[in-house]
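First comes one chain, alone, set out as C-alpha coordinates in the form predicted alone.
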Amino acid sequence: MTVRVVPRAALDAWVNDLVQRQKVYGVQLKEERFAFGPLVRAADLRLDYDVTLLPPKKYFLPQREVLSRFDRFKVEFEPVLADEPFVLLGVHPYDFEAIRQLDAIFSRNHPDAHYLTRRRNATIVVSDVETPSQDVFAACMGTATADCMDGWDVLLTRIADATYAVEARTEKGTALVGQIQGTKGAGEADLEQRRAVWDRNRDVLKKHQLRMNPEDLPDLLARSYDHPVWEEKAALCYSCGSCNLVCPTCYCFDVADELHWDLQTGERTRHWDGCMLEKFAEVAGGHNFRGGKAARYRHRYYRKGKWIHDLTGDIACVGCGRCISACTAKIANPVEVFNRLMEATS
(Lines give C-alpha, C1' and ligand atoms only; values in the text may rest on other atoms or scores of the structure.)
Protein backbone atom coordinates (compact mmCIF):
# COMPACT_ATOMS: atom_id res chain seq x y z
CA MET A 1 0.00 0.00 0.00
CA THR A 2 1.38 3.39 -1.05
CA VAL A 3 -0.43 6.57 -0.03
CA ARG A 4 0.38 9.86 -1.71
CA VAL A 5 -0.69 13.40 -0.88
CA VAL A 6 -1.83 15.76 -3.64
CA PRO A 7 -3.02 19.40 -3.60
CA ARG A 8 -6.47 19.98 -5.11
CA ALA A 9 -4.92 22.15 -7.85
CA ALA A 10 -2.73 19.24 -8.98
CA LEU A 11 -5.72 16.90 -8.78
CA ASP A 12 -7.70 19.24 -11.01
CA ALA A 13 -4.84 19.43 -13.51
CA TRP A 14 -4.77 15.64 -13.64
CA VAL A 15 -8.54 15.46 -14.22
CA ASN A 16 -8.35 18.04 -17.01
CA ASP A 17 -5.64 15.99 -18.69
CA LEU A 18 -7.51 12.72 -18.12
CA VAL A 19 -10.77 13.86 -19.75
CA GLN A 20 -8.84 14.77 -22.90
CA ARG A 21 -7.54 11.21 -23.24
CA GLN A 22 -10.43 8.93 -22.30
CA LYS A 23 -14.04 8.76 -21.16
CA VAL A 24 -14.50 9.94 -17.59
CA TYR A 25 -17.74 9.99 -15.59
CA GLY A 26 -17.89 12.14 -12.48
CA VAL A 27 -20.36 13.70 -10.07
CA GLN A 28 -21.75 17.11 -11.05
CA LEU A 29 -24.52 19.39 -9.85
CA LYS A 30 -27.49 19.24 -12.22
CA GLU A 31 -30.65 21.21 -11.46
CA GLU A 32 -30.02 21.21 -7.69
CA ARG A 33 -29.30 17.47 -7.56
CA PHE A 34 -26.02 15.62 -7.84
CA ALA A 35 -25.62 13.09 -10.63
CA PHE A 36 -22.93 11.08 -12.36
CA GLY A 37 -22.40 12.17 -15.95
CA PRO A 38 -19.72 12.61 -18.62
CA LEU A 39 -17.04 14.91 -17.26
CA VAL A 40 -15.45 17.49 -19.55
CA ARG A 41 -13.51 19.64 -17.08
CA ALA A 42 -12.29 19.44 -13.50
CA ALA A 43 -14.19 22.56 -12.47
CA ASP A 44 -17.47 20.61 -12.77
CA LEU A 45 -16.37 17.72 -10.56
CA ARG A 46 -17.97 17.71 -7.10
CA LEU A 47 -16.25 15.46 -4.61
CA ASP A 48 -18.12 17.17 -1.77
CA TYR A 49 -21.53 15.86 -2.88
CA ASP A 50 -23.94 14.20 -0.46
CA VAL A 51 -25.58 11.50 -2.61
CA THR A 52 -26.30 11.11 -6.33
CA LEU A 53 -29.81 10.78 -7.69
CA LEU A 54 -29.02 7.44 -9.36
CA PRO A 55 -26.22 5.12 -8.27
CA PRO A 56 -23.15 4.55 -10.46
CA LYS A 57 -24.34 1.00 -11.22
CA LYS A 58 -25.94 2.60 -14.30
CA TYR A 59 -22.54 2.43 -16.03
CA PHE A 60 -22.43 -1.35 -15.65
CA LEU A 61 -26.14 -2.10 -15.93
CA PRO A 62 -27.62 0.77 -17.99
CA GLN A 63 -31.26 1.76 -17.69
CA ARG A 64 -31.65 0.49 -21.27
CA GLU A 65 -29.08 -1.34 -23.33
CA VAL A 66 -28.92 -3.24 -26.61
CA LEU A 67 -27.87 -6.85 -26.06
CA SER A 68 -27.85 -7.95 -29.69
CA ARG A 69 -29.04 -7.10 -33.18
CA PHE A 70 -30.84 -9.41 -35.55
CA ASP A 71 -31.73 -9.66 -39.23
CA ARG A 72 -34.33 -12.12 -40.50
CA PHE A 73 -32.00 -13.12 -43.35
CA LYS A 74 -29.15 -14.02 -40.98
CA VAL A 75 -29.07 -17.16 -38.89
CA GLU A 76 -27.17 -15.73 -35.91
CA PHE A 77 -27.72 -12.73 -33.69
CA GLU A 78 -24.98 -10.08 -33.60
CA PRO A 79 -23.97 -9.52 -29.96
CA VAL A 80 -23.38 -5.94 -28.79
CA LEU A 81 -20.72 -5.44 -26.12
CA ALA A 82 -19.68 -2.02 -24.78
CA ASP A 83 -15.91 -2.32 -24.49
CA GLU A 84 -14.72 1.31 -24.28
CA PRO A 85 -12.45 1.90 -21.26
CA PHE A 86 -13.64 4.55 -18.83
CA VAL A 87 -12.91 6.05 -15.42
CA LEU A 88 -15.66 6.34 -12.82
CA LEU A 89 -14.57 9.18 -10.56
CA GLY A 90 -15.88 9.94 -7.08
CA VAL A 91 -17.80 6.79 -6.07
CA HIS A 92 -18.79 6.75 -2.41
CA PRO A 93 -17.80 3.65 -0.42
CA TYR A 94 -21.38 2.42 -0.01
CA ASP A 95 -21.93 2.63 -3.78
CA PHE A 96 -18.71 0.74 -4.40
CA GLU A 97 -19.88 -2.00 -2.05
CA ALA A 98 -23.06 -2.22 -4.15
CA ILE A 99 -20.95 -2.60 -7.30
CA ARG A 100 -18.92 -5.34 -5.60
CA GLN A 101 -22.16 -7.17 -4.78
CA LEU A 102 -23.35 -6.86 -8.38
CA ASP A 103 -20.00 -8.26 -9.53
CA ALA A 104 -20.73 -11.39 -7.51
CA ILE A 105 -24.30 -11.66 -8.81
CA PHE A 106 -23.43 -11.23 -12.49
CA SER A 107 -20.51 -13.65 -12.22
CA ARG A 108 -22.60 -16.51 -10.85
CA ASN A 109 -23.80 -19.53 -12.83
CA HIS A 110 -24.04 -18.04 -16.36
CA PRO A 111 -21.74 -14.97 -16.25
CA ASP A 112 -23.30 -11.89 -17.85
CA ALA A 113 -20.93 -10.84 -20.65
CA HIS A 114 -22.50 -7.39 -21.03
CA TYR A 115 -22.11 -6.42 -17.37
CA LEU A 116 -18.70 -8.01 -16.97
CA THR A 117 -17.27 -6.41 -20.13
CA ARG A 118 -18.17 -2.97 -18.83
CA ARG A 119 -16.80 -3.85 -15.41
CA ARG A 120 -13.45 -5.03 -16.77
CA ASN A 121 -13.07 -1.83 -18.75
CA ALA A 122 -13.77 0.43 -15.77
CA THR A 123 -11.30 2.06 -13.43
CA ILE A 124 -13.10 3.03 -10.23
CA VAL A 125 -11.91 5.96 -8.12
CA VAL A 126 -13.63 5.88 -4.73
CA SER A 127 -14.00 9.09 -2.77
CA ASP A 128 -14.62 9.19 0.98
CA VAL A 129 -17.81 11.00 1.95
CA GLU A 130 -17.34 14.67 2.77
CA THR A 131 -21.00 15.69 3.15
CA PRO A 132 -23.42 13.18 4.74
CA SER A 133 -26.82 13.03 3.05
CA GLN A 134 -30.04 13.45 5.03
CA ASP A 135 -31.01 9.76 4.95
CA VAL A 136 -27.71 7.90 4.85
CA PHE A 137 -27.22 4.99 7.25
CA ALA A 138 -24.14 3.41 5.66
CA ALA A 139 -22.32 3.32 9.01
CA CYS A 140 -25.00 0.94 10.31
CA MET A 141 -24.36 -1.41 7.38
CA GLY A 142 -20.55 -1.36 7.58
CA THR A 143 -20.20 0.56 4.31
CA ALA A 144 -19.21 4.04 5.49
CA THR A 145 -15.55 3.66 4.53
CA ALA A 146 -13.64 1.73 1.88
CA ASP A 147 -10.54 0.87 3.91
CA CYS A 148 -11.67 -2.74 4.43
CA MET A 149 -13.21 -3.22 0.98
CA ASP A 150 -11.53 -5.02 -1.89
CA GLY A 151 -11.70 -4.30 -5.60
CA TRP A 152 -11.51 -0.53 -5.91
CA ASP A 153 -8.66 0.95 -7.93
CA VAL A 154 -8.02 4.33 -6.27
CA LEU A 155 -9.22 5.95 -3.05
CA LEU A 156 -9.37 9.72 -2.54
CA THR A 157 -9.74 11.21 0.95
CA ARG A 158 -9.86 14.95 1.62
CA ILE A 159 -7.58 15.42 4.63
CA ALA A 160 -7.41 19.24 4.57
CA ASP A 161 -9.20 22.10 2.84
CA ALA A 162 -7.31 21.67 -0.41
CA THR A 163 -5.34 18.46 0.07
CA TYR A 164 -6.20 14.84 -0.69
CA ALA A 165 -4.68 11.53 0.29
CA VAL A 166 -4.54 9.20 -2.70
CA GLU A 167 -4.11 5.44 -2.47
CA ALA A 168 -3.93 2.92 -5.34
CA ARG A 169 -4.80 -0.74 -4.76
CA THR A 170 -4.61 -2.26 -8.28
CA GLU A 171 -2.38 -2.09 -11.33
CA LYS A 172 -4.94 0.10 -13.10
CA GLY A 173 -5.09 2.36 -10.07
CA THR A 174 -1.32 2.60 -9.80
CA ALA A 175 -1.08 3.57 -13.47
CA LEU A 176 -3.74 6.23 -12.99
CA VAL A 177 -2.16 7.74 -9.86
CA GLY A 178 1.22 7.72 -11.59
CA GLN A 179 -0.12 10.33 -14.01
CA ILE A 180 -0.74 12.88 -11.22
CA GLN A 181 1.97 15.52 -11.05
CA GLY A 182 3.05 17.12 -7.77
CA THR A 183 2.32 14.30 -5.32
CA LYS A 184 4.43 13.44 -2.31
CA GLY A 185 4.55 10.50 0.03
CA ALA A 186 2.10 10.63 2.91
CA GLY A 187 3.60 11.14 6.35
CA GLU A 188 2.25 9.79 9.61
CA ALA A 189 0.35 13.03 10.22
CA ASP A 190 -1.37 12.67 6.83
CA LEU A 191 -2.33 9.08 7.57
CA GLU A 192 -3.67 10.09 10.96
CA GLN A 193 -5.84 12.73 9.31
CA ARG A 194 -7.18 10.09 6.93
CA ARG A 195 -7.98 7.75 9.84
CA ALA A 196 -9.79 10.64 11.49
CA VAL A 197 -12.00 11.03 8.38
CA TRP A 198 -12.83 7.32 8.54
CA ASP A 199 -13.61 7.49 12.26
CA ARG A 200 -15.87 10.48 11.68
CA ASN A 201 -17.74 8.80 8.85
CA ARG A 202 -18.26 5.63 10.85
CA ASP A 203 -19.89 7.85 13.44
CA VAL A 204 -21.92 10.37 11.42
CA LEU A 205 -23.15 8.33 8.44
CA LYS A 206 -26.06 6.99 10.44
CA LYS A 207 -28.96 9.44 10.11
CA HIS A 208 -31.18 6.44 10.87
CA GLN A 209 -30.02 4.08 13.60
CA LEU A 210 -30.32 0.35 12.97
CA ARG A 211 -30.72 -1.31 16.37
CA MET A 212 -29.13 -4.62 15.40
CA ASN A 213 -26.17 -6.05 13.54
CA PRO A 214 -26.80 -6.44 9.79
CA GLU A 215 -25.73 -10.09 9.98
CA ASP A 216 -28.78 -10.76 12.19
CA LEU A 217 -31.21 -9.77 9.42
CA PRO A 218 -31.55 -13.15 7.65
CA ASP A 219 -32.67 -14.92 10.83
CA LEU A 220 -34.91 -12.01 11.81
CA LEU A 221 -36.70 -12.08 8.46
CA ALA A 222 -37.04 -15.85 8.59
CA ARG A 223 -39.17 -15.37 11.73
CA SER A 224 -41.19 -12.44 10.39
CA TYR A 225 -43.00 -13.63 7.28
CA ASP A 226 -46.47 -13.05 8.75
CA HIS A 227 -45.68 -9.82 10.62
CA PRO A 228 -48.43 -7.16 10.25
CA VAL A 229 -45.93 -4.49 9.17
CA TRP A 230 -46.09 -5.76 5.57
CA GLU A 231 -49.82 -5.05 5.24
CA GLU A 232 -49.63 -1.79 7.20
CA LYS A 233 -46.88 -0.24 5.06
CA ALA A 234 -48.18 -1.63 1.78
CA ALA A 235 -51.57 -0.01 2.34
CA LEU A 236 -49.87 3.33 1.59
CA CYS A 237 -47.73 2.08 -1.33
CA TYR A 238 -48.29 3.53 -4.82
CA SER A 239 -46.45 0.62 -6.50
CA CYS A 240 -44.42 3.24 -8.35
CA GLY A 241 -41.14 1.34 -8.09
CA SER A 242 -39.08 4.41 -7.17
CA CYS A 243 -37.36 2.50 -4.37
CA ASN A 244 -36.24 -0.16 -6.86
CA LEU A 245 -35.03 2.28 -9.49
CA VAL A 246 -32.76 4.30 -7.19
CA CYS A 247 -31.35 1.29 -5.33
CA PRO A 248 -27.68 0.52 -6.03
CA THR A 249 -28.09 -3.22 -5.42
CA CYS A 250 -31.32 -3.84 -7.40
CA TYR A 251 -30.50 -5.54 -10.67
CA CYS A 252 -33.79 -6.93 -12.03
CA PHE A 253 -34.45 -6.30 -15.71
CA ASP A 254 -36.84 -7.17 -18.51
CA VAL A 255 -35.83 -8.25 -22.03
CA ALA A 256 -37.68 -7.31 -25.22
CA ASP A 257 -37.21 -7.82 -28.96
CA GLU A 258 -37.82 -4.55 -30.80
CA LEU A 259 -38.52 -4.77 -34.54
CA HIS A 260 -37.47 -1.86 -36.75
CA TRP A 261 -39.78 -0.15 -39.23
CA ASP A 262 -38.38 -2.22 -42.10
CA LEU A 263 -39.83 -5.35 -40.44
CA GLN A 264 -36.57 -7.12 -41.30
CA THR A 265 -34.13 -6.06 -38.58
CA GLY A 266 -34.29 -5.29 -34.91
CA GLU A 267 -32.65 -5.33 -31.52
CA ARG A 268 -32.89 -7.32 -28.35
CA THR A 269 -32.81 -4.90 -25.42
CA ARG A 270 -33.01 -5.05 -21.68
CA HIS A 271 -34.12 -2.35 -19.31
CA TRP A 272 -34.51 -1.91 -15.58
CA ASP A 273 -37.50 -3.53 -13.92
CA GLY A 274 -38.57 -3.65 -10.29
CA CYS A 275 -40.27 -6.05 -7.91
CA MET A 276 -42.53 -3.33 -6.52
CA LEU A 277 -44.22 -2.85 -9.89
CA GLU A 278 -47.62 -4.53 -10.23
CA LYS A 279 -46.82 -6.53 -13.39
CA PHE A 280 -43.34 -7.66 -12.32
CA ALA A 281 -44.33 -11.20 -11.25
CA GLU A 282 -47.05 -11.71 -13.85
CA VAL A 283 -46.63 -14.73 -16.13
CA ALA A 284 -48.44 -16.20 -19.14
CA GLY A 285 -52.15 -16.63 -18.58
CA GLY A 286 -52.35 -13.52 -16.45
CA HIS A 287 -51.34 -15.23 -13.20
CA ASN A 288 -49.45 -12.92 -10.85
CA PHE A 289 -47.36 -14.56 -8.14
CA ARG A 290 -47.25 -11.30 -6.18
CA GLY A 291 -50.39 -9.49 -7.24
CA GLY A 292 -50.95 -7.92 -3.84
CA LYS A 293 -49.01 -4.87 -2.69
CA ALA A 294 -48.13 -6.46 0.66
CA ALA A 295 -46.55 -9.47 -1.07
CA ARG A 296 -44.41 -7.17 -3.23
CA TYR A 297 -43.48 -4.97 -0.31
CA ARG A 298 -42.38 -7.96 1.78
CA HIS A 299 -40.49 -9.44 -1.17
CA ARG A 300 -38.34 -6.32 -1.45
CA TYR A 301 -37.16 -6.62 2.16
CA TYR A 302 -36.61 -10.36 1.99
CA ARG A 303 -34.52 -9.91 -1.11
CA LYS A 304 -32.38 -7.27 0.63
CA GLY A 305 -31.99 -8.97 3.97
CA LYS A 306 -32.26 -12.71 3.37
CA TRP A 307 -32.41 -14.16 -0.14
CA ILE A 308 -29.32 -12.44 -1.55
CA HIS A 309 -27.54 -13.36 1.65
CA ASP A 310 -28.51 -16.99 1.07
CA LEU A 311 -26.91 -16.78 -2.41
CA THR A 312 -23.75 -14.74 -1.84
CA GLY A 313 -23.44 -13.99 1.88
CA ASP A 314 -24.13 -10.27 1.31
CA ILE A 315 -26.79 -8.07 2.86
CA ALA A 316 -28.13 -6.30 -0.23
CA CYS A 317 -28.66 -2.95 1.47
CA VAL A 318 -25.66 -0.63 1.69
CA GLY A 319 -27.31 2.22 3.60
CA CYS A 320 -27.26 4.88 0.88
CA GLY A 321 -30.74 6.09 1.90
CA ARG A 322 -31.92 6.75 -1.66
CA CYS A 323 -35.07 4.68 -1.24
CA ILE A 324 -36.06 6.73 1.82
CA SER A 325 -35.70 10.01 -0.06
CA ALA A 326 -37.39 8.74 -3.23
CA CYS A 327 -40.51 7.33 -1.57
CA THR A 328 -43.28 9.95 -1.55
CA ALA A 329 -45.44 7.71 0.67
CA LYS A 330 -42.61 7.57 3.26
CA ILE A 331 -42.81 3.80 3.73
CA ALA A 332 -39.50 2.68 2.19
CA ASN A 333 -37.14 3.15 5.13
CA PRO A 334 -35.39 -0.21 5.69
CA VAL A 335 -34.14 0.82 9.12
CA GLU A 336 -37.65 1.60 10.30
CA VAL A 337 -38.97 -1.75 9.08
CA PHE A 338 -36.10 -3.83 10.42
CA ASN A 339 -36.26 -2.13 13.84
CA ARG A 340 -39.99 -2.79 13.96
CA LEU A 341 -39.44 -6.48 13.24
CA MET A 342 -36.75 -6.69 15.90
CA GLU A 343 -39.02 -5.16 18.53
CA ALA A 344 -41.67 -7.79 17.81
CA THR A 345 -39.27 -10.70 18.22
CA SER A 346 -37.19 -9.46 21.16
Partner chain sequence: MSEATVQNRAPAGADAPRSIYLPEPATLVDVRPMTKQEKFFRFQMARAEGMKYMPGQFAEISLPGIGECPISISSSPTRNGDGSFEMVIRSAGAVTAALHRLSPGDRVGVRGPFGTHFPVEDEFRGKDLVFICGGIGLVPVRSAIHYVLDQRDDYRKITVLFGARSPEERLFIGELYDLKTRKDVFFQETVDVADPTWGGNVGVITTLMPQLRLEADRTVVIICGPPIMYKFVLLELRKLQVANRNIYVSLERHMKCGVGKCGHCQINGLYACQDGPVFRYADISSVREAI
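Numbering follows the first chain given and starts at 1. Note that the structure is a prediction, hence the values are computed from the model and not measured.
What comes next is about the form predicted in complex with the partner chain, which does not appear here.
Only one of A160, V80, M149, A196 comes within 4.5 Å of the partner chain in the model of the complex through a heavy atom, and that residue is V80. A single residue from the set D226, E192, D203, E171 has any heavy atom within 4.5 angstroms of the partner chain in the model of the complex; that residue is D226.
Residues of just one listed stretch (209-217, 150-158, 175-183, 113-121) have heavy atoms within 4.5 Å of the partner chain in the model of the complex: 113-121.
Within 4.5 Å of some heavy atom of the partner chain in the model of the complex lies at least one heavy atom of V283.
Remark: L67 counts among the residues lining the partner chain in the model of the complex, judged by a heavy atom distance of 4.5 Å or less. Using a 4.5 angstroms limit between non-hydrogen atoms, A139 is distant from the partner chain in the model of the complex. The shortest heavy atom separation between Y25 and the partner chain in the model of the complex is within 4.5 Å.
With respect to the partner chain in the model of the complex, the three residues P62, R72 and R303 uniformly fall within 4.5 angstroms at the level of their nearest heavy atom. For the partner-free chain shown, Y251, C252, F253, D254, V255, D257 of 228-258 come within 4.5 angstroms of the partner chain in the model of the complex, judged by any non-hydrogen atom.
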